[in-house]
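Take a look at this single chain, the form predicted alone, given in structure tokens.
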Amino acid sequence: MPIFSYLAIPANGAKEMLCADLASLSHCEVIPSDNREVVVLVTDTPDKATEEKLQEKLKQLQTLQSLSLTFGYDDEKIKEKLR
């Protein structure tokens, strides 16, 4: 169950459209800033394959200028390390 949080920077003037684009994707929670042109995105996917598909969809968004990872957790990787 990979969980990640990001700071998403919208393309110029596209904050509202970016929020709508992100909210339309499964496994995404969108938290727009009240006073800045930035959006907090939290993703929670059931497995690695779903996470990879979501990453591909994020890369295709025209309203997204950049995405910065702020936190990441993947219990599958932790389980692999414990083996």
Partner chain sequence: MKLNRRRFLKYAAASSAVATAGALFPGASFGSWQKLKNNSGIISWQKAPCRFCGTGCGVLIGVSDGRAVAVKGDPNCSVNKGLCCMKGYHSVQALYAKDRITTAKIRKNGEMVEVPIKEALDLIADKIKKTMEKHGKDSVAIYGSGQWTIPDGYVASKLFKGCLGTNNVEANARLCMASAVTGFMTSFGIDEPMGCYEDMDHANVFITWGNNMAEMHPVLFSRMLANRKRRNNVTIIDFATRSTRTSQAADKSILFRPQTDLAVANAICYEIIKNDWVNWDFVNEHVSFHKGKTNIGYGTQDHFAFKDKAESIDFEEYKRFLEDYTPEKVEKISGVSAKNIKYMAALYGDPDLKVTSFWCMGMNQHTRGTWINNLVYNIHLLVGKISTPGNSPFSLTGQPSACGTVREVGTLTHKLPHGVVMNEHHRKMAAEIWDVPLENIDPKPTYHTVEMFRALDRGDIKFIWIQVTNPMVTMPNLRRYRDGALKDDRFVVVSDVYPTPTTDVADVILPAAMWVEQEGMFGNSERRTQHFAEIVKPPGEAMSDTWQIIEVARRLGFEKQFPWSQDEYIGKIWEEYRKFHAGPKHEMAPYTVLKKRSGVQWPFVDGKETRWRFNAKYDPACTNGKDFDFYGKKNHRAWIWARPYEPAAEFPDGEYNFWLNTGRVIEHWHTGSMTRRIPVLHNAVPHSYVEINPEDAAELGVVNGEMVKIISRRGEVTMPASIRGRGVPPRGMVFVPFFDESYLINEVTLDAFCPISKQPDYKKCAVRLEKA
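Residue numbers count along the first chain shown, from 1. Everything numeric here is computed off the predicted structure, so don't read it as measured data.
Below, we refer to the form predicted together with the partner chain, which is not included among the displayed structures.
Using a 4.5 Å cutoff between non-hydrogen atoms, Gln62 does not count as a contact of the partner chain in the model of the complex.
In the model of the complex, the partner chain sits within 4.5 Å of a heavy atom belonging to Thr70. Of the heavy atoms in Ser33, some are within 4.5 Å of the partner chain in the model of the complex. Proximity of Ile9 to the partner chain in the model of the complex: non-hydrogen atoms within 4.5 Å are present.
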